[in-house]
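Heads up, the chain below is alone and in the form predicted alone; it's given as structure tokens.
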């Protein structure tokens, strides 16, 4: 009888369940990993809702993954051996296109993201390219799961070249936005978090964010102007994907400022390009991450970013379908849900 393993499969929008799939077989450039912990990401929720245009169905979900090496493969980092715990880099690139040739592998023309373009790793055993794993430091496994989403936040900070003393407006107080704020503080910048959910803003304050704004309750532009002594924010990082929020980045940013677009809008956004020229703005896409896992793991290990500020609930693997539905229906009740085998 062929061996099978459990996995979390999204058959089509709003239809997710545990199913058995064949035990994976690997090529010589793959490793086999026993999955131990995984996070539920906003992209998983978008796939569940049917609003992520990059997802095809059926699809095994999951890209925020920690596990232990069962079988080695050619190209595995020299500091990793069978039995070691690793974090997966879920961005599989082709190595051949122009972006790959200049080291911008996250911009690969054929990029395959686990759980989005290709089957993910919400399963007991997964095969993965041997070169796309990072050795895990000795910290709690649920904290290690935060490494991948933290790289997204780091990438936005790096794209905009955040400097000490600068004001950073962050739109969206979800897990990514709050981690951007915490990284900004670690870089000695001044985060200003904007959201329309008061409970998220209260939480941001509780973890050390001094400035929060609900634009439904106060004049956001005047408040930012007051905080920045009239300059507005040198950097704005959009982490919600809302069309109006993307438009607001141009209002919040200073002259000669920088903007990173990290959120994924569902529809095209109309922008007044005259403002971009008038303020001479630098606008950066900030897609996934590249080479930021080591820094993310260092920040988590040293508690520079306190994982307990982000993890809101631990669940069991078998509970993932239930919690995907719960998060979709009541997103404000959860920040980061992590499943353990």
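Positions refer to the first chain, counted from 1. Small disclaimer: the values here were computed from a predicted structure and weren't measured.
This next part talks about the form predicted in complex with a small molecule, which is not shown.
Each of 172, 175 and 241 comes within 4.5 Å of the small molecule in the predicted complex, counting any heavy atom.
Contact with the small molecule, judged by heavy atoms within 4.5 Å in the predicted complex, is confined among 68-76, 183-191, 233-241, 130-138 to 233-241. None of 227, 152, 212, 250 but one reaches within 4.5 angstroms of the small molecule in the predicted complex through a heavy atom, and that residue is 152. A heavy atom within 4.5 Å of the small molecule in the predicted complex is found for exactly one of 197, 94, 271, 207: 197. Heavy atoms of residue 288 reach within 4.5 Å of the small molecule in the predicted complex, making it an interface residue. Mapping the unseen interface onto this chain, residue 307 falls outside it, with no heavy atom inside 4.5 Å of the small molecule in the predicted complex. Within 4.5 Å of some heavy atom of the small molecule in the predicted complex lies at least one heavy atom of residue 262. The small molecule in the predicted complex is not approached by residue 105, whose heavy atoms all lie more than 4.5 angstroms from it.
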